[in-house]
Structure formats: C-alpha cells, structure tokens
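Below sits a lone chain in structure tokens, taken as the form predicted on its own.
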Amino acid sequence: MTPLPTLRQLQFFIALVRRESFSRAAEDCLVSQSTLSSAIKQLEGLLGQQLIDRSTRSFSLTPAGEEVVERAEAILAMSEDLSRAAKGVEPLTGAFRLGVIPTISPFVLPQATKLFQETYPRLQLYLREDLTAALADRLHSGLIDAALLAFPYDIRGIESIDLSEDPFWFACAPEHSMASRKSLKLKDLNRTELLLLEDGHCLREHAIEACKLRNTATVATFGGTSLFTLTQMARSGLGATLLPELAVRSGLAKSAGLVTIPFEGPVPVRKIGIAWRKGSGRREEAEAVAAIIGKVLAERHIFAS
C-alpha cells in the first residue's frame, strides 16, 4: 500500500505557503518551528519530491510544490466540509470567510458587517475583497467559504442564490451633451464615448454585454481600476460611464458631481448573488448570509427581482 501524506502535514505545508515563513507558519499552527520543518521534510520524503526551493533567500516553491498546493488545498477543504457535516455545526458560529468583489463591497459591507455582529454575535467574520476570478479560485481551494458576486459569471463547481437585480445608470458631467436627458435608450450609447473598468473586472463585461456594446467602438481605451476613478474621470469631461444602481444609491455619482440618467426598457442589469462551493454543506450558512445582505440591498432600494 502506498504511504499517504497526513492531513496534518498538508495543513503545515499550506500554512507555510500562505505565510512564506517557517516561523510565522509554525506560530499559526501552534507548533515549534522544528516540528513544522520536520513535517515538511517528511511530506517531501513521502512524495519523493522537493516542494520548497531552498537555494534562494526568499521563499519560493518548486514546480512540484506548485502542483501540490492546489491539490492539498482541495483535500483540506473537503476534509473540513466532512468534519463540519459530521459535527452538525450551528450555522454562522466561529470563523466564516466571505469574499466580495470591489464593485459591491464599499456599498454593502459597512452596514452588513454591523448586522452580522448584531444577529450572529458568535460569528467571526473574515472579509476578502478581490476580483471575481480570484475569489472563484479561493472558493475552489477552500480559502473562503462563500462569495458575494455579480452575475452572470461562469464558475464551475459552485452553487448560488440570486439576491437582486442591479440596473445600470448612465453617468456624465453636467456639461455633457446628454446631461439634460430624462432617460436614455441603449442605442443612445453609440453617440458618446464610455469609460469602463479595466479588463479583469466583471462589471466591465456585464456592462458591455447588458448594453450590447460588444461590437461597437463606444468603449474608450481608458480602463479604470475602481468606480471612484471612473467617476472622477467622467467629471473631468473625458467621457461618460455606466454605474450600477447600488453605487448610485450610495451617493457615489452625486459626490463626484455627476448627472445620472436611467435607461428605458429593457433596462440593462447585472445580478447580485451569494456563491459557495458545491457539496461543501454551506447552503444553510449561505442563506443566512443572503438574508443579511438582502436587508442592506433593500435599504439601498435594490430589491429582489
């Protein structure tokens, strides 16, 4: 029978990868540095591969180490799910790791965090803001338990709950040629240059798809890294932009001195939802998270469709 790595060895290895330091990883695992180092060497011996590149002063993995990281994270995530299911852990007690994309987090998290503290006092909520692709990877590897995302977005191996539709608004400087309009049709977008977030932000793809801009020259070459940057660029007269209603209701456009104009039907929208790893047993917790986020969205007048 082939000798297999232990979960403890894999836990030590992943801790080392995350902390990039034997001493810090040992502290996290509540063991001595020599114990952790010995476990890593035993793991390398079992696998017959060197996982840590010890020829450089900075921490780095060998190609074999890179391969083991992904598989070890998946094994540990499934083991954790098995343990939680067997114990029947009460939802939203202890640690819960929630990922949120940056086009949602500033408009939801401050109020939602307070509601989580009031509703689930035994919850230790750890928040991670990142782009959708990075959060999807973290979901798969078990580094986060759930994610607040915008859809559509094709993510394999996840389940999700739709919370609401988030319509897009046209936003421009008061001096813009369309600033006096009461409403717009999607075809009107062909008459102006649009500033959108850079590639990698799902909001860019949602806006392009929802507003049927895929084959037009409307989208500017400039790509912002945040909605705040977009509003400032639009206020400077470099073009107009598209903002989700969640940002508009939160006062982002108003604080930047922009005029916002709604679209006539069919109104372009993105969907907001909670996603979790399929088979992880997190549905009950995801539903509890969805209820809290839903309250915040309702107060922002972003209602479920």
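Take the two forms, superpose them, and find the largest set of C-alpha atoms that agree within 1.5 Å; that set is the rigid core. These numbers come from a predicted model, not from an experiment. We number the residues from 1 along the sequence you see.
Not pictured, yet referred to below: the form predicted in complex with the DNA.
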Original post:
Within 4.5 Å of the DNA in the model of the complex, heavy atoms considered, which of 42, 62, 250, 260?
Top reply: 42
Subject >> Sole residue of 35, 236, 255, 49 within 4.5 Å of the DNA in the model of the complex, by heavy atom >> reply: 35
Subject >> Interface membership of residue 12, the DNA in the model of the complex, 4.5 Å heavy atom rule >> reply: yes
Original post:
in the model of the complex, does residue 269 have a heavy atom within 4.5 Å of the DNA?
Top reply: no
**OP:** Verify the contact flag for residue 31: yes if a non-hydrogen atom of it lies within 4.5 Å of a non-hydrogen atom of the DNA in the model of the complex, no if not.
**Re:** yes
Subject >> Answer range among 22-30, 260-268, 66-74, 238-246 for contact with the DNA, defined in the model of the complex as heavy atoms within 4.5 Å >> reply: 22-30
Subject >> Cα displacement of residue 20 between this form and the one not shown reaching 2 Å, rigid core superposed >> reply: yes
Subject >> Core fit, then residue 50 C-alpha moves 2 Å or more between this form and the one not shown >> reply: yes
**OP:** Establish whether a shift of 2 Å or more occurs at the C-alpha of residue 29 between this form and the one not shown, with the two forms superposed on the rigid core.
**Re:** yes
